[in-house]
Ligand SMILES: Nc1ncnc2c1ncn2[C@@H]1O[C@H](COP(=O)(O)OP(=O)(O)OP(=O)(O)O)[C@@H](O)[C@H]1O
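Shown below, as structure tokens, is a lone chain in the form predicted alone; questions about how it binds or moves come after it.
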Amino acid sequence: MVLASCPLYFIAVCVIGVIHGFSWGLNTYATQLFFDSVASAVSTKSGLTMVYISLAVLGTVTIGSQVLNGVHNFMVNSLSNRMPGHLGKYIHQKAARVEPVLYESPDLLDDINKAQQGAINSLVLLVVIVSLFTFYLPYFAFMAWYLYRLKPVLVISLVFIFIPVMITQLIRGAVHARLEDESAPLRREVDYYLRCICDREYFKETRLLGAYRFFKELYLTALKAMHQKKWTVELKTNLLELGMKMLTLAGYFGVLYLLFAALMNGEISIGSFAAVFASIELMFNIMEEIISSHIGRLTQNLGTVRNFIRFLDLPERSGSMERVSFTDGIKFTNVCFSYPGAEKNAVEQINLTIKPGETIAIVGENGAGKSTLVKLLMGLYLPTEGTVEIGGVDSRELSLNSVYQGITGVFQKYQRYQLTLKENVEISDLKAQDQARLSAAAAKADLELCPETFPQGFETMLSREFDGVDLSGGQWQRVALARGFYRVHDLIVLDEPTAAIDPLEETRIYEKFAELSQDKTAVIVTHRLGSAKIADRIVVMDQGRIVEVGTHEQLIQERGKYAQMYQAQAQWYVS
């Protein structure tokens, strides 16, 4: 994925890493040449020409390795800064392709949280692997050749010293992978409670209700539980690592003894002893860095990386049809649907045909299945049993991309984007950006651009946080309506879109909506039954089933569920 995102830069990082690794090995060899030339000059009373030459070589190699070190670190950091956006793109693309119904399950939310953490740690994995194979491997390959040439046992002893530490890191990796699975739900809880305390969406109501301390306790409890799990794991693994590092320290002194013995026995020169003695601490530090830091982080985070890859491997909707027309009608045949993990169906035995260009109102009590029915007729959810045909095509054959085309909607919980008024409306169809359409959409929603409210017209920033203005609930609802009207559509869904508008304004908007939805398929979900009168037919739902279908007049005459609900609401307006 990273190679596909920036291939040339990635290859350049690898090449610089290889050169950098060899430069540190050459530093040791240049150090030996310098000390040998000094020893030779002292013992033979010869000239200093070779000393100066070897000193120049040592200086050049040392300066070069430091320059390469700076360049290599800069390039690796630059790569690490570039990549989170690229890997995040894969998560967002995958999240857009999985079955939307999975968002009803906390398992998917945990998977996304783990994947986001895994994407970050994937960069750690990438940097570690690239560093191991392009910097550390060339360096130790050179040093292994150099030490083997001096005394073969030195190479073998270096390898065995770090086996205990490697075992520790493998154990640490397995433990932290299990910790990540247990921490993801707690991490989501911590984030949510923190939002309830200080997020703009929640804080007014939280303080009005006096619920700050309540959420604070929940936040601290979840945070303590998460940290307790981490503390327990870190304590055990660090105690194990401490014991193994004591073995490594003993090995370090053993190597120094072998080196000293080889010098005393005349097996190596003074220059070789000085060079290896000067570099052996560097080798131990680098190997410690590799095993304890890099490989330690790698094994610790490997579980989250697996979560990232596992999320990208989740099954996707298999439909391949890229275009469907909602103006050709929608047909339900014996449709049942249940949410993931639910014991009973949310909707049961639905049989309904929505004719081309028809306006349908869906009414019912809370929990009757209205929103589920809408998601099924949009093709967003697939039926558990039966078929939903959109324009004569089974919704199972549709790609998610085709589902989102040709649909617009206005929902009760709409978004208040901290953008300009123009951007808030045009965000529903960014490819268009047509001033005439923008003005028409505002007019359809009865959104008046008075200078007192919108001093810069469509360019007015709708956020006090960005030196703009804030709107009332009713004004924001009109912005949301304009957003829905702006999008080119074959099907429009209004799900309680006028909850923040007074009844007179609501009546005007619905009357205008009735005019605008001619020759379009339209669905209205509403609790205010007076608004349902504009529909060609009203669908009444109760406990997941359709119990009545007809016009307002027909349903009133039948004196069934709809008539009861209508009379219950009417008594509040009639003395």
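For every residue, the number given is its place in the sequence shown, counted from 1. Computed from a predicted model, the values in this text were never measured in an experiment.
Missing here is the form predicted together with the named molecule; even so, the following discussion is about that form.
For the options Val488, Leu208, Ala342, Ala432, the residue carrying a heavy atom within 4.5 angstroms of the named molecule in the predicted bound form is Ala342. Taking a 4.5 Å heavy atom cutoff to the named molecule in the predicted bound form, the contact residue among Lys114, Lys370, Arg478, His72 is Lys370. Only one of 327 to 335, 465 to 473, 217 to 225, 370 to 378 lies within 4.5 Å of the named molecule in the predicted bound form by heavy atoms, and it is 370 to 378.
For His527, a non-hydrogen atom is located within 4.5 Å of the named molecule in the predicted bound form, even though that partner is not displayed. At the 4.5 Å threshold, heavy atoms of Ser269 stay clear of the named molecule in the predicted bound form, well away from it.
The closest heavy atom approach of Ala346 to the named molecule in the predicted bound form falls within 4.5 Å.
Among heavy atoms of Thr460, none comes within 4.5 Å of the named molecule in the predicted bound form.
Although the named molecule is omitted here, in the predicted bound form all of Glu104, Glu365 and Gln412 have a heavy atom within 4.5 Å of it.
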